[in-house]
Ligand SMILES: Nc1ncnc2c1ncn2[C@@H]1O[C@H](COP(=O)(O)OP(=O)(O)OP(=O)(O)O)[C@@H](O)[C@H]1O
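For reference, the chain that follows is the form predicted on its own, supplied as structure tokens.
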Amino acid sequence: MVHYLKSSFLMPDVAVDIGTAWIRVTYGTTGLHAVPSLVEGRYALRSGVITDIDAVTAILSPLLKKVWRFGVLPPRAVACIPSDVTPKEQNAVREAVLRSGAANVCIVPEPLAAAIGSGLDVASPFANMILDIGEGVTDCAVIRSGKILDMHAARVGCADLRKALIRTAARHRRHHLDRERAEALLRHIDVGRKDIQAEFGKLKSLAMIQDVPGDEDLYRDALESLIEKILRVAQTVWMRTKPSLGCEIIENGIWLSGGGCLVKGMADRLEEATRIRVHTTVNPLEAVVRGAHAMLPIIAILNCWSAK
């Protein structure tokens, strides 16, 4: 730890989450800095994967420049990637971070960082399971004793849910929803079981959301196939889990993080799909980057850095 403190003083360490919607950086005790993954109105990533390295570099460089020690010593960076990335996609992340001004980079799996950022004891000898529903990727992992025992991901997330709402409004109501109103609509809709909603009077009017035509059932139906695809990621991992690990997961429950935490009824649907108690992360949008930040001392001690 003393070695880490000395080295981090000379060359600061940062955690980087290059997300489909936001790029987040956190370091030291200065808090978290986040900017949209946008350049000239275009997203630099699609489904959690970098499509424009130059755009990511333009966004990330000013954030990393703030961390340079004495203005001349660049930082080392921990960057997170979805569990299903190809070697080419992983290299794109490494290249983007290095080109943005990092001296060294360490790549870590996104679900592991999300688990740590959610407060899970990943070093526990008992298995934990996490489902991270991000903007472009849904990632699930089983973790025990600091290792990922199994993981599975699908290129589907909150961005796809919003697009489905926008298409539905255009197709059935000939109405254009911008991203802001689609997001408000997504936060408003309850994707829980219909029979439970009807029983407890959860069906609501959309009148509170300005200029959104139609009723909630119309938009909920539009989301259903995507919700099932998201849940299938967790179901796939759960079905592959050995009985001995399954008992531990049932005891500990499943943790839900990412933007999917903010969709009403998502936790209930996950419980219904797996028959396991679900815990939601307190700060779901920041779980990945904060988990990566918590990993910095261990990565420095183990010297896991990869240079240019």
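All values reported here derive from a predicted model rather than from experimental measurement. One rule holds for the numbers: they count along the sequence shown, beginning at 1.
Keep in mind the form predicted in complex with this ligand is missing from the figure; the text below concerns it.
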Can you tell me if residue 19 lies within 4.5 angstroms of this ligand in the model of the complex, counting non-hydrogen atoms only?
yes
Any chance residue 136 has a heavy atom within 4.5 Å of this ligand in the model of the complex?
yes
Could you confirm whether residue 39 comes within 4.5 Å of this ligand in the model of the complex, counting heavy atoms only?
no
Can you work out whether residue 181 and this ligand are in contact in the model of the complex, taking contact to mean some heavy atom pair no more than 4.5 Å apart?
no
Name the residue from 171, 187, 88, 176 that puts a heavy atom within 4.5 Å of this ligand in the model of the complex.
187
Exactly one of 263, 50, 55, 67 comes within 4.5 Å of this ligand in the model of the complex through a heavy atom, and that residue is 263
Taking the partner as it appears in the model of the complex, which of 215-223, 88-96, 232-240, 127-135 has residues with heavy atoms within 4.5 Å of this ligand?
127-135
Stretch 78-114 - residues with a heavy atom within 4.5 Å of this ligand in the model of the complex:
110
